[in-house]
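Shown below, as structure tokens, is a lone chain in the form predicted alone; questions about how it binds or moves come after it.
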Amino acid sequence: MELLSALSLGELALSFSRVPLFPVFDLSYFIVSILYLKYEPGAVELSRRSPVASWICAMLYCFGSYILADLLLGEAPIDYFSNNSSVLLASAVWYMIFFCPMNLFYKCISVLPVKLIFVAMKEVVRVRKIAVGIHHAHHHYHHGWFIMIATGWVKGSGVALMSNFEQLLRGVWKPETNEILHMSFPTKASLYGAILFTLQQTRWLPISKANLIFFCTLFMVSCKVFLTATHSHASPFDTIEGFICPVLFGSAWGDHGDHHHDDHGSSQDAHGGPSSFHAPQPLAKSKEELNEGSRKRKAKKAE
């Protein structure tokens, strides 16, 4: 019975890994990507003021991972734009999201149950892109583990990694939003997934690629759908990192915690929280009163 269940699971994973992404899954990927672009401050105004710049930003959201991967492997960064069907489909989604009459298309896809379906399908594309990126890099560099990991990573989260460049096209410069400095869950998951697929590609991980794609997709879909449904920005890796990072990077982790505590305290001060009762504020007031009193005494003496 266990053997039959294992065989059925293997067949299911193999069939799932062979499901074509175009057009249904790619369409979902484009919808969610450009939907996130519309959430960015000033994106709607940019689409009215400069539709060409808005379209280029949308294409970066849809194909940024391919551009970065081609740059890493020394290939033409605009090579993927020869795929006319994908570019036309992404352009149609961009137009419908930004310019549909009465904003009907945006309102329909923004409904939470519908959005969750698209988010789940986008994660299917993300995992498949990581696997394809690892395979592509392995074809060029058979023993280049770090090259394979880097290629798979940018394949899975290239849009986020080049967010600062995309912001420049919108006339925004926020270097503090660098994705490497503040990794989101998809970026971390893409990195860890790239490591797993690299180990599998180099035969250090005893599992078939189809099964690894299947299990990674289940994990990504479950986590991303839950985070989107609860409007949470947390990461499932936080608990594990909370145990490992203090051991491996103890000093840096402690400094980061102190800095976070200071920022939290300053935010409480701004809202009149508990930090507003710290000692320095009364001391500052008493100095001002003393100075004012000394000025009054000098004025009386002058009179």
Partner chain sequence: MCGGLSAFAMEYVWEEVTLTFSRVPMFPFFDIAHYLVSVMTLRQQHGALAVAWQNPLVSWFSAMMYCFGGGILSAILLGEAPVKFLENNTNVLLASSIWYIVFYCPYDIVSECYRFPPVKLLATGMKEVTRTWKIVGGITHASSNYTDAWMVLIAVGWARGAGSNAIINLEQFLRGTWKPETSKSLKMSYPVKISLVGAVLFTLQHAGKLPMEKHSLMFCYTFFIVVTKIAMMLTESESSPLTPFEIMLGRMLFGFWQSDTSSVPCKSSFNGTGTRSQHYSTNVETKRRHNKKTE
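This is a predicted model, so every value here is computed, not measured. Residue numbers count along the first chain shown, from 1.
FYI, the form predicted in complex with the partner chain isn't displayed, but the following is about it.
**Student:** With the cut-off set at 4.5 Å between non-hydrogen atoms, does Y39 touch the partner chain in the model of the complex?
**Tutor:** Although the partner chain is absent here, Y39 would touch it in the model of the complex, with heavy atoms inside 4.5 Å.
**Student:** With a cut-off of 4.5 Å between heavy atoms, is V44 one of the residues that contacts the partner chain in the model of the complex?
**Tutor:** Yes, contact at 4.5 Å.
**Student:** Would R203 count as touching the partner chain in the model of the complex under a 4.5 Å heavy atom rule?
**Tutor:** Heavy-atom contact with the partner chain at 4.5 Å: absent for R203.
**Student:** Is there a heavy atom of S235 no more than 4.5 Å from a heavy atom of the partner chain in the model of the complex?
**Tutor:** No - in the model of the complex, heavy atoms of S235 and the partner chain never come within 4.5 Å of each other.
**Student:** For this chain shown on its own, do V52, N103 and W173 all sit within 4.5 Å of the partner chain in the model of the complex, going by heavy atoms?
**Tutor:** Yes, the whole trio is in contact, each within 4.5 Å by some heavy atom.
**Student:** Given that the partner is absent here, state which listed stretch (154-162, 87-95, 132-140, 188-196) has heavy atoms within 4.5 Å of the partner chain in the model of the complex.
**Tutor:** Of the options, only 87-95 has residues within 4.5 Å of the partner.
**Student:** Of the options F215, W145, F81, F118, which one has a non-hydrogen atom that comes within 4.5 Å of the partner chain in the model of the complex?
**Tutor:** Checking each option against the partner chain in the model of the complex, the one that comes within 4.5 Å is F81.
**Student:** Between L169, L72, V225, M183, only one gets a heavy atom within 4.5 angstroms of the partner chain in the model of the complex; which residue is that?
**Tutor:** So the residue touching the partner chain in the model of the complex, by this definition, is L169.
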